[in-house]
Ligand SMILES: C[S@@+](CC[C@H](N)C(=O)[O-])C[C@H]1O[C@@H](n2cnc3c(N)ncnc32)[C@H](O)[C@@H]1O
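Listed next as structure tokens is one chain, alone, in the form predicted on its own.
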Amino acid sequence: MDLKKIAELITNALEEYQPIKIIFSQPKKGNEFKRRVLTIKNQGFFFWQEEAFFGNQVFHKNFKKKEEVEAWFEQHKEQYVQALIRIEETDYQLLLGQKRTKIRVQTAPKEAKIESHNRKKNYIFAEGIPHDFLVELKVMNKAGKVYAAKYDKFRQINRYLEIVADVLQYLPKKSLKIIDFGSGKAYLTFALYKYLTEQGYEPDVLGLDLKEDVVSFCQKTAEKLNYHNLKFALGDIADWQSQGKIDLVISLHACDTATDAALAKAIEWDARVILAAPCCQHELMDKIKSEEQKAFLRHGILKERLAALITDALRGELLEVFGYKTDIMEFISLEHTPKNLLIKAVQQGKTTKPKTSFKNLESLLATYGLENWAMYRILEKDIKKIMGLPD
């Protein structure tokens, strides 16, 4: 093994956001930084951080692009005598001579191994088995090992499928029509399609998004995987018109009122099941008024959180008025994302009694001065019809 091979290993680790640590030590003449350490970090998004030790001081620098880290490595390998490169569970110890570099490879000591994940849980798409869409989307490698940086996404996919499994009893096995509003890079859309086909369903899935490059990527990936009935299209939730009945409407992390638009469409189509994970919810932020709750409303962060909770409570009651049995549940652990709620709504038809939900809805709107809530106004005529109220 030589330095070129080491550089390739580093590049692969960076591309796949694998656990990595690089330590340069024993500075050469003229270099006053006695040690430089680089590790991967995750604070909502992944980046690499350098710690540079100068006397008793420590300086930090962050890198967002792998090319920056590669350049950092190339620069400092000329300035130090020793380097330790730890990629997942392997140590590469380098003695950087002027004419020749000595490299020693060994398994990292147990106490020094980069933190791994708890992988004992039985997932629907288990680790250790290569699943084609997870490999293609770079969640796992070809051997079925989940990349450390994608483990939260891996958990989210499996948690999502657990929720889907719970509503399968309400969906037809044949000619199952699904629309995923705001599908994005479509990790969950691909997972849904794969899971349903493996369960013997015949899904016809459409992923809709506003970003042309993302739609193009997802469509090409679906074609590459031979997912023949998974399609992606460019379009806006509010303007989308469906041909025929839709059985399952999905809206995961659509921003602000886009979630309302998706719910309104689902109600319009009388979808059998709705799964919606709201994202940022700003519409009611500036509209909330309450003399009794000024202690909440005078603090911006508390007002924002209260607005989000009220918005989801209103959505839940509104869906109940239209005959849906609605549950609001944790989608994924709060430690992974603050946007962790999911609205699950299953159409129960005329057997439901909407009066209680309508009363709750009206009470919430009146309590916080939200009579002009946009989603309520969009569906107001239908609500009055259901409740037998005059126009």
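All residue numbers refer to positions in the sequence shown, first residue = 1. Because the structure is a prediction, the values reported are computed rather than measured.
Beyond what is shown, the protein has a form predicted together with the named molecule; the following relates to that form.
Check for me whether the named molecule, as it appears in the predicted complex, comes within 4.5 angstroms of all of 159, 176 and 246 - heavy atoms only.
No: no residue has a heavy atom within 4.5 Å of the partner.
Quick check for you: of 194-202, 135-143, 68-76, 176-184, which stretch puts a non-hydrogen atom within 4.5 Å of the named molecule in the predicted complex?
Partner-contacting stretch among the options: 176-184.
I'd like to know whether residue 235 contacts the named molecule in the predicted complex, with contact meaning heavy atoms within 4.5 angstroms.
Answer yes; at least one heavy atom of residue 235 falls within 4.5 Å of the named molecule in the predicted complex.
Verify the contact flag for residue 255: yes if a non-hydrogen atom of it lies within 4.5 Å of a non-hydrogen atom of the named molecule in the predicted complex, no if not.
Result yes; residue 255 sits at the interface with the named molecule in the predicted complex.
Quick one: does residue 320 come within 4.5 Å of the named molecule in the predicted complex, counting heavy atoms only?
No - in the predicted complex, heavy atoms of residue 320 and the named molecule never come within 4.5 Å of each other.
Wondering, does residue 306 line up within 4.5 Å of the named molecule in the predicted complex on heavy atoms?
Outside the cut-off, so no.
Which residue, 272, 86, 153, 265, is the contact with the named molecule in the predicted complex, using a 4.5 Å heavy atom cutoff?
Checking each option against the named molecule in the predicted complex, the one that comes within 4.5 Å is 153.
Single option in 284, 94, 148, 188 placed near the named molecule in the predicted complex, where near means a heavy atom within 4.5 Å:
Selected residue: 188.
Suppose contact means any heavy atom within 4.5 Å; which members of 206-236 contact the named molecule in the predicted complex?
Those in contact are 208, 209, 210, 211, 235, 236.
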